[in-house]
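The chain below stands alone and is given in structure tokens; this is the form predicted alone.
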């Protein structure tokens, strides 16, 4: 919505969801400033009372080289060597995509140099999500250099600011930590290239006035849609204002922009909530299912994977037996993991074979078609693991095309996990990577699922293809990945795909346009997963997160491991022969319960009730559409001796409805000792008084089905 100019002839641009206003206004100098970001203003007449002129330097897309001395969104070296850019407002337009979605496009130009920047803002009204990105172009006589090119710049004016970041490493992803931001800069960034999120996840939470809290307070949740190096800069200035700049990390990535070329930055996606992170997360979950996640409204396949069971050691007979186990378990699909390919250099460990995507004759003499048919005969679907962006030096591909690989021509090579990264800036390499999927599908059109892995960051940073333009490798490589993803999606739009990167090192919303789900972590210890899934759930719906029951942490029961996995998209990676009769019967019953309730679990509103970071217990619930069905998960992690156990107050129910409370997923022969089991209670009671599911037992779990009567 564009608001008419007020008496000082400045221009207002109002970018709104149902709950949030982002208001921009031109100053007396014709430059564009942010004048408000917060809860939606109810009276249009109040807009005229907002500040009219240059608002403490809060320029909507701050440039460098002029009078502002803090972090800029845009830094350009012009063709004549000048490093100053000043952007002035030219025009704005609104394109309404439907009743819920609108795009505002604002055009800014420099009066001295022929530079144009278009700011894009897409609003999702009901979901309370705003996406923003920029387009940069010019008509100078020679190329210009982009030294900094943010997607978004936002400003905040509060007494205090608290940043929650998500950091970690392999098998210890998304550790949440909070700190107060004081004067100066705090930067969250990655320089890893392909496995970009290995140490720093591409999202953050910002508490305004107080630390971000689950159920109350003003918070902003933000994330970047970029499967490569990203950077968030948080800068508190000399008067206590905070500016947040988000985008591609310009590290080693000054970009030569040719005349007429358009440089499009990634999407920065954010939501503002006055009801804490829980409400903000539900905004993201709903938006992702409705608009961003591939097949966000569709079904998901339960599965049995072979990796934890067999590792690289399998053959046709072993896999055929596992497919029968998958059917016996009740899951939808059997997923074949790493180790099925390579002949000259067989893939019997992680030292060889990557790049040679032909079935290994010794293990699979009849190839993938035999496995697809064997799965069909067993009554399940067949999925397969690939890692097509990578290569082992011990491979036929590397022997034939060393020029397709990112590596230094004049230095000793460093290997991460015994492999190197293919140069996706090269169109021939893009064709090769696409053909990995295309050849499998052409030969086996009934393949039902791909697990797409990416286990190495970029090392030995040099592109034989780009030659003298090495500074564009990080950007062009990611663009090449998207080109491949898009080609796969266009040709095979209905094939479900899991995004994996040595665990959860790829988890951004641009990649998830092409993938139905992602793998949060290789760590499947259920205790660790409670924290990992809690962290990822801040931004991603359960439908997008895969969780498998494995043999990690055998000290926990099969029930505890399965109950944890049932909070997300359920899978198994365990041999049924390792289970006794009661455990197998339990797992079969759990699969049946998950399938019966997955409409609520995968598509319902999530409420994080009790944090594992704050107590020795945790609880999460999902409430289905219409508030007729809910599923509550509670876990006792490591209770202290005789500690006081508090009730869990539910959320999201209809206070006027009556609900039957029933504990499910019980082991064979066990009866529930839940105090309220079998009782019918009002939604009002359940939300104000609550249930008593916690116990003093270590690694104890409950799943409670709540049904409106």
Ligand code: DGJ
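Since the structure is predicted, the reported quantities are computational estimates derived from the model, not experimental observations. Positions refer to the first chain, counted from 1.
In what follows, reference is made to the form predicted in complex with the ligand, a form of this protein that is not presented.
Though the ligand is absent from this view, in the predicted complex it lies within 4.5 Å of a heavy atom of just one residue from 249, 201, 455, 283, which is 455. A heavy atom within 4.5 Å of the ligand in the predicted complex is found for one listed residue only; from 375, 500, 108, 424, this is 500. Shown alone here, residue 337 lies within 4.5 Å of the ligand in the predicted complex, counting heavy atoms only. The ligand is not shown here, but in the predicted complex it comes within 4.5 Å of a heavy atom of residue 519. Within 4.5 Å of some heavy atom of the ligand in the predicted complex lies at least one heavy atom of residue 417. In the predicted complex, the ligand sits within 4.5 Å of a heavy atom of residue 451. Partner proximity in the predicted complex, defined as non-hydrogen atoms within 4.5 angstroms of the ligand, places exactly one of 249-257, 95-103, 337-345, 313-321 at the interface: 337-345.
Contacts to the ligand in the predicted complex (heavy atom within 4.5 Å) from stretch 358-388: 385 only.
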